[in-house]
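There is one chain below, alone, in structure tokens, taken in the form predicted alone.
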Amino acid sequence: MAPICAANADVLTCLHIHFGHRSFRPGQGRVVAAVLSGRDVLAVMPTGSGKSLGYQLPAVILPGTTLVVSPLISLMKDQVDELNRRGIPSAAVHSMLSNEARYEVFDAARAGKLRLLYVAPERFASDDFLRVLHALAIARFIIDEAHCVSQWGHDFRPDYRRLRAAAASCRAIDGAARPPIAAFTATATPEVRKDIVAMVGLDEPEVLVAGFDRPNIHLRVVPVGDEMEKHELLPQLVSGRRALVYAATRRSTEAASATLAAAGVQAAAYHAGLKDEERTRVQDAFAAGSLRVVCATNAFGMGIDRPDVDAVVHFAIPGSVEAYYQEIGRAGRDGRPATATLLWDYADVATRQFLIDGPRRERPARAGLPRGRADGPGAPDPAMDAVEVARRKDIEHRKLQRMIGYAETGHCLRATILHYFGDTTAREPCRACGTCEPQGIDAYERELVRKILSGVARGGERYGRRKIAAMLAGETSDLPPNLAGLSTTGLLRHEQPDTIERWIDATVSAGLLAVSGDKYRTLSVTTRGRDVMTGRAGDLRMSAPARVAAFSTWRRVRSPRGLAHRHRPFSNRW
């Protein structure tokens, strides 16, 4: 199969023609060059960095078909749909296809009509598929989410252990013993990287590790006393934002969704226990932007490329630092500021321990998820023997303890994550986490304050907080016409008026707004407030209203139940 990019076109020209970009994101260019070179490659790139381009662009430049092993049906479907939309012939083979559709893909592949063919690792156990595979000229053998091959990976998949033999059986386009292999992952510690190289059989690979830092994501850990406190905090953490709320169990996703709905926040639950049509409806609505908040178990989001998620909330502690990093990485993919909040209650650890040790629920293939995946992290395959199951459980418990260490640490949250992944670029303090700036507000909240200041200024500094809050929320029925038709009217329509009023009070307390001393209590913007509003004051230090303002206080004076005798310095846990 000839390349579909002109033979004399350079890589950047092909990038623009097929993907619409004039330049690479940081790290992408090196990965593309390494894959094109014909060497084996291990690329570790953070979630949201565009790592899929590292094999999709070479696929349109190289002759032959690029085979992509991917663990989730939803992820394959979204990528195939987008590639075909761009005029790059692609297909996927998975368990949701009918036999007729599967054989149509096989025929297209044998005829050399596909640039990329996506398959689940389970396919390599099928004799029909192996016969098709032997007939193809494979340009590159791509392993996505390569941490699944490692016993230390947070999403270990025994089927990934077949890939070394599968790659060796492929026919390379240049007559080599096997096609070059390129393995991609976002969440590999040095230990996992070494395991991937050995298990996949990478031959003197070029190992490319991009920085793990996502500086636009503000990190914070919020200790809470009980479940009720979580439900009280949740609406304020996601109101007005496009958000993902991750919970440990199906029941807690539904409870969180109900709490948000009662607070006037548009939200829906997503988990494997829902009917297919409901799960599809929620996923499609969130992807299209018509649904702002999804409360989900851990698999949701892997097939979603929504660039404007600006908040991720963990309603309970996840099972590992890797899983946490991957899930918060679904925020801020457009480069804009975002916030990741972990609601931390030691009582939730028992749920995680049960998900590791308790009975396993297999997800049906029709759910769009691979078999063997449970709602908890890293469920062992039922076919594994008792010794292997016990070893896997021990690994999962150790990874959970490392996640507990993150939740307990008094050190910089960003540096803690970077150190875990072996990233030497960590700098303390980062000034962008709840430990380094315990009294600070995040980027969304700073923008909210600026909009309040603009609303007061546009209103002529002649109204009190209730009218300003109603105007910003877009509730104009009782407002005078000159206030109802401003450019700032409805600017905060996703927030509740009482929430805006609390932020107005906090803005007054910070000295950005002044209140008149007469009975009308009208608001005006101070000199410092105008500097903040116009962007002349780059550093905005103020306390947020209500419970959010108490986050740092909880960190200093409260320890979650049962933690006092457990706490020790974070560095000793790793």
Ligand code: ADP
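Numbers for residues come from their place in the sequence shown, where the first is 1. Just so we're on the same page, rigid core means the largest C-alpha set that superposes within 1.5 Å between forms. Everything numeric here is computed off the predicted structure, so don't read it as measured data.
Omitted from view is the form predicted together with adenosine-5'-diphosphate, to which the following refers.
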item	value
The unique member of P545, G27, G64, G50 whose heavy atoms fall within 4.5 Å of adenosine-5'-diphosphate in the predicted complex	G50
Candidate stretches 503-511, 66-74, 523-531, 41-49 - the one whose heavy atoms come within 4.5 Å of adenosine-5'-diphosphate in the predicted complex	41-49
Interface membership of H21, adenosine-5'-diphosphate in the predicted complex, 4.5 Å heavy atom rule	yes
Core-aligned C-alpha movement of P497 between this form and the one not shown reaching 2 Å	no
Large Cα shift (2 Å or above) at Q79 between this form and the one not shown, core-fitted	yes
Direction of the Cα shift between S70 and V312 in the predicted complex, where the change is 3 Å or more	farther
